[in-house]
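One chain is shown next in structure tokens, namely the form predicted on its own.
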């Protein structure tokens, strides 16, 4: 029986038979369908995914005409911070445009949270203006809502992660609601400064990392920003495949936020004025690459089917079917890209 090179969810290389790969694909799509209450991949889609996973080439590509756009989170952290290459942020932007052929790029700072940026937002605005003068591709500005930064000792609010284990449920919920007010104020102020400096778009990234209150803050900030700067594109990238209910009772426009999966997250984001939605599906390191990719495709396809705005799937370390390794292998990322674009019909990555 022929075996094919593939990987586990943690990036380890393994050889698997086509039969075992197909079994994991079917199990992965069934898991996503059960959790999200969405359709499984069809037999034809499963057959094509197995074909992609068993292609003998080290790297694969999409068919001509089925390309998607590339956008980034933590954009200017990739080379100088993650890769340790001694280049500044403006050089990073221009390298992505003129060498790596990126479709868009994101200007950001090392402490990737809106609260931290408030102290030096004027300098960031000047950098954005310089970036716009030197680049042709759209430049976004991005950071995380990161509600946790508003808790003591860094912020003024009691930490709900400490209150909850003590059984102080009402106090924990009140603390999160107060943090939302602070976060929305900071996010609107900072992103407004970036819009005035010429930013083509704003990214609210890793939304929901602190739970449903974190999601509410991003939605409220997006709605207010869109009122003030209707021509500035807003991209929202999620933190996980469903919204954690740290509060549990928060709603947006009459719908509960906690527990929503991508196909419902995207509808709520669009209602708030978001223009581009970053769908996230978490990778399970204990499962195979085939299982994880089938699962990611199932969620992404349902999200695209439900969406009225473009969907770009977060496809990097530990999300979107990509293995949970710091430097992801191209045999994985190329197959993820091909499958998401050709099977899930996403607009980009």
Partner chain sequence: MTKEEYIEIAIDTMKKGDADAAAANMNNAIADGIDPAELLSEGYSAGIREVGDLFGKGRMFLPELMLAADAMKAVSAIVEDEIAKKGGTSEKKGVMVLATVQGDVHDIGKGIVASLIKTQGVEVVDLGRDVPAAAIVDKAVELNADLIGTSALLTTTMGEMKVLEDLLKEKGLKDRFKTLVGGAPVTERFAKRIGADAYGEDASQAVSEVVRLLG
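Here the structure is a predicted model, which means the values were calculated and not measured. Numbering follows the first chain given and starts at 1.
If you look for the form predicted together with its partner chain, you will not find it shown, but the lines that follow are about it.
>> Counting any heavy atom within 4.5 Å as contact, can you tell me which stretch out of 42 to 50, 282 to 290, 302 to 310, 59 to 67 lines its partner chain in the predicted bound form?
In response: Of the stretches listed, the one contacting the partner is 282 to 290.
> Just one of 156, 198, 80, 259 has a heavy atom within 4.5 angstroms of its partner chain in the predicted bound form, so which one?
Replying inline: Looking at the other structure, the residue within range turns out to be 259.
> Given that its partner chain is left out here, which of 230, 84, 165, 254 has a heavy atom within 4.5 Å of it in the predicted bound form?
Replying inline: By the 4.5 Å criterion, the partner-contacting residue is 165.
> Taking the shortest heavy atom distance, is residue 54 within 4.5 Å of its partner chain in the predicted bound form?
Replying inline: No, residue 54 stays farther than 4.5 Å from its partner chain in the predicted bound form.
> Even though its partner chain is not shown here, does residue 246 get within 4.5 Å of it in the predicted bound form, heavy atoms only?
Replying inline: Looking in the predicted bound form, residue contacts with its partner chain include residue 246, since a heavy atom lies within 4.5 Å.
> Quick one: is residue 8 in contact with its partner chain in the predicted bound form, heavy atoms, 4.5 Å cut-off?
Replying inline: Contact with its partner chain, yes.
>> So in the predicted bound form, is its partner chain close enough to residue 209 to count as touching (4.5 Å, heavy atoms)?
In response: Result yes; residue 209 sits at the interface with its partner chain in the predicted bound form.
>> Since the partner isn't included here, can you check whether its partner chain sits close to all of 173, 242 and 326 in the predicted bound form (heavy atom within 4.5 Å for each)?
In response: Per the other structure, all of 173, 242 and 326 touch its partner chain.
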